[in-house]
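The chain below stands alone and is given as structure tokens, in the form predicted on its own.
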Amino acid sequence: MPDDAAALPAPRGLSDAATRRRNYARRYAWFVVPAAVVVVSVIVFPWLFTLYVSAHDWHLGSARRFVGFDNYVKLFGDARFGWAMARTLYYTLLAVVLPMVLGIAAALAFHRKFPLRGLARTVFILPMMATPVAVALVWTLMFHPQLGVLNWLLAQVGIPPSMWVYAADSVIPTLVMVEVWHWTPLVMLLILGGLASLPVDPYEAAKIDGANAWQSFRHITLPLLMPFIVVALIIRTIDALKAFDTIYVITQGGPGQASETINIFLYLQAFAFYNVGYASAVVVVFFAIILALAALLLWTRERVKQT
């Protein structure tokens, strides 16, 4: 190619296209800047400030003192934090597995046609419409050892009364019962949407081959539903990990520390003990755990989609 070929002007069409792209980018920036300002103000700055505070020994009402990673070192040596994390994992495991199993079963039931199916669906999803605080207050009354309706119902069938949330060995399962009642309808709706989108041809072929209902579910329904199940699993896991309002309204972390999950521990450090620096370190560690778990679940979802 001749040396002076590089000096030749670009074709007019290409020059005009590049100019239009630059002008479009400038105009588009005016739409991006407000959104970027909101994201930085609402998400980026609070997290940077939290990281900054976590590196300080700061009690409200006193001066800040830079301590570096001391709050994190103290955190991982704190037995109370360790027990709070263990209770959180125990609560999350129960609050994810039970709604998933019951939600899938309910979706399979409501997917079938039967009289008043629409009314039954509506009644089933009503708990999801209530606010968590209102749900917690109602269940608190029902859990009362002497005046609660649950012990009255147990007495009617000859079962001894339970202490429910007032005993250390039963408080977490009881709180999970509230969570299951409240959020199983959400899982049911997600799975029901998946069932409505499944193709009919595989079931017709399986019926011709003589497959029974369990075989059709095991080899057709369940594999096709896996993307929807993983989505429901992600939502429920993150929601159960950050559960706070129901637990705090019903037990405030009691009796003793028997229901003190990581969120209750964080709340007490920040707003009861005013140890803001230590509480910020808890936030950072807890966020890292949620981020890692969410990444694992999203990776699982991609693997499921590829299979």
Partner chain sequence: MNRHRLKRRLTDAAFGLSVLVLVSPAVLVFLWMLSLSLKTELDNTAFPPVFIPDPPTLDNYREVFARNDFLLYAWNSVVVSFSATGLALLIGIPAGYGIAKMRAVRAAALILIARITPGLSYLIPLFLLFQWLELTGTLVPIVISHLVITVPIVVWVMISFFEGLPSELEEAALVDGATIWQAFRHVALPLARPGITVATILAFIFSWNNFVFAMVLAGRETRTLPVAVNNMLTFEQISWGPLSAAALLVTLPVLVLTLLAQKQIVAGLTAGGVKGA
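From a predicted model like this one, the values you see are computed outputs, not experimental measurements. Numbering follows the first chain given and starts at 1.
Although not depicted, the form predicted in complex with the partner chain is the subject of the following passage.
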{"query": "Non-hydrogen atom contact Trp83 with the partner chain in the predicted complex at 4.5 angstroms", "finding": "no"}
{"query": "4.5 Å heavy atom contact, Phe217 to the partner chain in the predicted complex", "finding": "no"}
{"query": "Exercise: Pro127 in contact with the partner chain in the predicted complex, heavy atom 4.5 Å", "finding": "yes"}
{"query": "Distance check, Ser197 to the partner chain in the predicted complex, heavy atom within 4.5 Å", "finding": "no"}
{"query": "The partner chain: the contacting residue among Phe66, Phe69, Phe273, Tyr28 in the predicted complex [heavy atom, 4.5 Å]", "finding": "Tyr28"}
{"query": "Candidate stretches 85-93, 206-214, 186-194, 70-78 - the one whose heavy atoms come within 4.5 Å of the partner chain in the predicted complex", "finding": "186-194"}
{"query": "Contacts with the partner chain in the predicted complex, stretch 271-286 (heavy atom within 4.5 Å)", "finding": "Phe271, Val276, Ala279, Ser280, Val283, Phe286"}
